[in-house]
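Just the one chain here, the form predicted on its own, laid out as structure tokens.
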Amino acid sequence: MDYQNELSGKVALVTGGTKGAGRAIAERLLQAGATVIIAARNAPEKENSKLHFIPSDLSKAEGTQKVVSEVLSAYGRLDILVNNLGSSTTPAGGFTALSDEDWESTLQANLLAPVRLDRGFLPQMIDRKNGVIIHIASIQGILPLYDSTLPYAAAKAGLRNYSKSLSNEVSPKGVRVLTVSPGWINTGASKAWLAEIARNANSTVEEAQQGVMQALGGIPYGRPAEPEEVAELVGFLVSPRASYLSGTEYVIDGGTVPTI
């Protein structure tokens, strides 16, 4: 379908937009005609002069304030906010392996960063009675892996709840709020992780991938998502074609979650 100009004139921000699904989302919105800003701690892996990069550590309050100030100063408004930033760097081993610092850093990046950015950009969206906010959560918000990503799963569960609550508040004021919960995504980081698993287990990457899918309880579709597949869903949700969608969650996981 031709979506080349459906976001023409719109200003969009994608956090964590320098790699993986965030990068794919940013490029998808760019293809649809939006002016796209990306924010992350590290510079893009591949340079694209059409994507406006703001270096910032969004896990810190001053980092989110820097992005809000720079975007509103440079563009005067923000129409689309995609809170894609997410990370899980905590050690495996369950609750006893986790310190306060592990919990706090994960909650800051995965829950409080979106909360702060929403708070910074929502007033001008409400004033104009127009805007879209996407929260990229995870199926781990409802399908946690306690032995490996306990704080991340808890943070994403909180993000899902917060997103629904925020939608109830601001949808009557003209701002759509939606949640996208991917399963496993085949990013560069994921490929490197699989290679490491394979090396440690003296197995093939294909065997490592099968092992991860089994740990998730299986992926009926038989593979992880490609970043572009997640980006296509987001591209639709922020477009005028999705104008009546708000307050709902869209799971894109190849059938991983075993319940309805």
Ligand SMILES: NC(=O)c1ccc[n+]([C@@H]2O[C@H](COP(=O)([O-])OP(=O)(O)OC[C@H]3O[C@@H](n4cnc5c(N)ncnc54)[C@H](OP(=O)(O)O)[C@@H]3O)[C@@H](O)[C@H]2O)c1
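One rule holds for the numbers: they count along the sequence shown, beginning at 1. Everything quoted here is computed from the prediction, not taken from an experiment.
One more form of this protein should be noted, the form predicted together with the named molecule, which is absent from this view; the next part is about it.
Which among 175-183, 123-131, 93-101, 70-78 is in contact with the named molecule in the predicted bound form, heavy atoms within 4.5 angstroms?
Checking each option against the 4.5 Å cut-off leaves 175-183.
Counting only non-hydrogen atoms and a 4.5 Å threshold, tell me whether G16, S138 and Y152 all contact the named molecule in the predicted bound form.
Every listed residue reaches the named molecule in the predicted bound form, so yes.
Considering A231, A34, I37, L58, which brings a non-hydrogen atom within 4.5 Å of the named molecule in the predicted bound form?
For this set of options, the contacting one is L58.
Would G247 count as a contact of the named molecule in the predicted bound form, using a 4.5 angstroms cut-off between non-hydrogen atoms?
Close contact is absent here: in the predicted bound form, G247 is far from the named molecule, nothing within 4.5 Å, heavy atoms only.
Is N42 close enough to the named molecule in the predicted bound form to count, meaning some heavy atom within 4.5 Å?
Answer yes; at least one heavy atom of N42 falls within 4.5 Å of the named molecule in the predicted bound form.
Using a 4.5 angstroms cut-off on non-hydrogen atoms, would S167 count as touching the named molecule in the predicted bound form?
No, no contact at 4.5 Å.
Would A21 show up as a contact with the named molecule in the predicted bound form if we use heavy atoms at 4.5 Å?
Contact check for A21: yes, within 4.5 Å of the named molecule in the predicted bound form.
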